[in-house]
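A single chain comes next, written as structure tokens; it is the form predicted alone.
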Amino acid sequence: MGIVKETDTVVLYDSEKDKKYFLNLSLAKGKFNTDKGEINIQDLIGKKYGSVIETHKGFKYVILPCTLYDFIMYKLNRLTQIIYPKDSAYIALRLNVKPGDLVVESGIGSGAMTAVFAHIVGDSGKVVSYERREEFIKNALSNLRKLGLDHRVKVKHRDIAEGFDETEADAVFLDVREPWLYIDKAYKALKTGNMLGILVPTVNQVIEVLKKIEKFPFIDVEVSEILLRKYKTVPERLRPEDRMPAHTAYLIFARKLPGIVEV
């Protein structure tokens, strides 16, 4: 069982109300106020996850670790639309991202997909993120610091129209408005035999990407859309939830073959 560190983001769980409070200890000062009383921040540090802490009124909360899913869905500060876990998990698997890898991406957005890549590559790997907008960089790095993942990410404040510096990336991922304009640059950055991933929200964009990909030696081209339907967790009345998030994005993948291309 892990120990709470002063840099952790923790979950305080109220079992009576089935309610969670999220608290980043590196930013919190003094006391944390809940509807059931105050908790001294210092009293959390050093406790075991799964243990109980009481407010000054005697109410109890269970201390739980904040998962990456929790943080992305409930605590990530968003300046942009994010890539949701239902898509990001498949993206990471489809790109075959693993510990020690070099992943090149553009753009960083609010850092949700960057966090997933950084979580997987580990301390021996690196995520290089290209982003034009400084406000996105500052916000994404702030989110990554709260997760303790910022040291695995190198951000380059640059337009990818200038190209990527990397030439042997284990995976390349594009989440930009007109990705077809940068297929040539992604091809050059990617290691032969490895995967390129692209995310776009509209069919028109998918068509433009496919037209451009045809001009390069790529194989295993795939276009997919992931739909997630959750169920109400009541054994006596098991059924889908009333609302289902529909379309979020189209995902495009392709594997690089060797070749010299003039486009």
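Keep in mind that what you see is a predicted model, and the values were worked out from it rather than measured. Quick note: we count residues from 1 along the sequence shown, nothing fancier.
Not on display, but discussed next: the form predicted in complex with a further copy of the same chain.
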Taking 4.5 angstroms as the cut-off for heavy atoms, does residue 48 touch a further copy of the same chain in the model of the complex?
-> yes
Give a yes or no for residue 223: in the model of the complex, does one of its heavy atoms lie within 4.5 Å of a heavy atom belonging to a further copy of the same chain?
-> yes
Should residue 21 be classed as touching a further copy of the same chain in the model of the complex when contacts are defined as heavy atoms within 4.5 Å?
-> no
Tell me, yes or no, whether residue 230 is in contact with a further copy of the same chain in the model of the complex, where a contact means a heavy atom of each within 4.5 Å.
-> yes
Which single stretch, out of 157-165, 130-138, 181-189, 84-92, brings residue heavy atoms within 4.5 Å of a further copy of the same chain in the model of the complex?
-> 84-92
With the partner absent here, would 68, 122 and 246 each sit within 4.5 Å of a further copy of the same chain in the model of the complex, counting heavy atoms only?
-> yes
In the model of the complex, which residues of 95-111 put a heavy atom within 4.5 Å of a further copy of the same chain?
-> 96, 97, 98, 99
